[in-house]
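So this first bit is one chain, no partners, the form predicted on its own, shown in structure tokens.
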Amino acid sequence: MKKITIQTYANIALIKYWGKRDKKLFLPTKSSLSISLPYLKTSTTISESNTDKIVGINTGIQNVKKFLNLFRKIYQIKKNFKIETTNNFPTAAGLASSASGFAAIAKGLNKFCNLNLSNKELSILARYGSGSATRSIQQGFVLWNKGDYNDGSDSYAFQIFDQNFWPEFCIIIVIINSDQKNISSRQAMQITVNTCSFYKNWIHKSEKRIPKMLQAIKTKDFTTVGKLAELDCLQMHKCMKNSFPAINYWQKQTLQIIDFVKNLRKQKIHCYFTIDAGPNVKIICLKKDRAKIINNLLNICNSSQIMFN
């Protein structure tokens, strides 16, 4: 029996995606920019089946089935599939498991069905499963252009710098809670879009950060990258907390790690934080400071809570 196995990686947005202007086509309200994390891996095996079978995904099964139906419709495919997925990191806990998950399914279906899709086409396809999956098709620093067309044909992600461009750039993951979130990103972001009075203001400010972030990455200006990422994160979460009902994924230890990062900066250890839709914190640093930061983290965290490249 034919089987295809694909491995993809989660990505962490340095300039965030939070909200859709078109829920059916997964078109974002703004552009976003991310970096892939090769130590957060999704492995997906695809084979043919009499009926669609989803194995190893304990959340979002219906979303996968909808994605398969759409895939068949777009590419005139008459097969059913068995999708077997494993992650080496917590699922649905704010660590971009849907991004790597749907990117893997899109790439796997492309290979299984011999479609020979380009990275642009794969990015658009993955977007139908999860918006952030559009950025997990490629590695390194990736920009998802929000696009302007109503059909979504210009809303896709592309690599701006590959995974070898800035080897000193590191992200340390601090896992505060690996449990599934009580409200999905998909649901939470639309609550924010619909109810936060200053959401559009964040959109405007965040879009203006993208060219600054691109220039900072190009010149390897770590301080500017860190400041922009941290500011964008804080403003996004402010929007979430000022939605109705209020959305707050942070926990006590989330705040503790935020204070930890700020205190390290006072000690001239250069690091910044970013947080997605969950309690878990990503610490942005340079490789020369990574060991020192981790050693300090071990005073307030267990080693099992820490993941890094």
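A quick note: this is a predicted structure, and the numbers were derived from the prediction, not measured. All residue numbers are counted from 1 along the displayed sequence.
A second form of this protein, the form predicted in complex with a small molecule, is not displayed here; the remarks below concern that form.
In the predicted complex, which of the stretches 49-57, 36-44, 256-264, 273-281 has residues with heavy atoms within 4.5 Å of the small molecule? In short, 273-281.
Does the small molecule get within 4.5 angstroms of any non-hydrogen atom of Gly108 in the predicted complex? So Gly108 does not count as contacting the small molecule.
So in the predicted complex, does Ser132 come within 4.5 Å of the small molecule, heavy atom to heavy atom? Judged by the heavy-atom cut-off of 4.5 Å, Ser132 is in contact with the small molecule in the predicted complex.
State yes or no: in the predicted complex, is some non-hydrogen atom of Lys238 no more than 4.5 angstroms from a non-hydrogen atom of the small molecule? Result no; Lys238 lies far from the small molecule in the predicted complex.
If you check in the predicted complex, is Arg186 within 4.5 Å of the small molecule, heavy atoms only? The answer is yes: Arg186 has a heavy atom within 4.5 Å of the small molecule.
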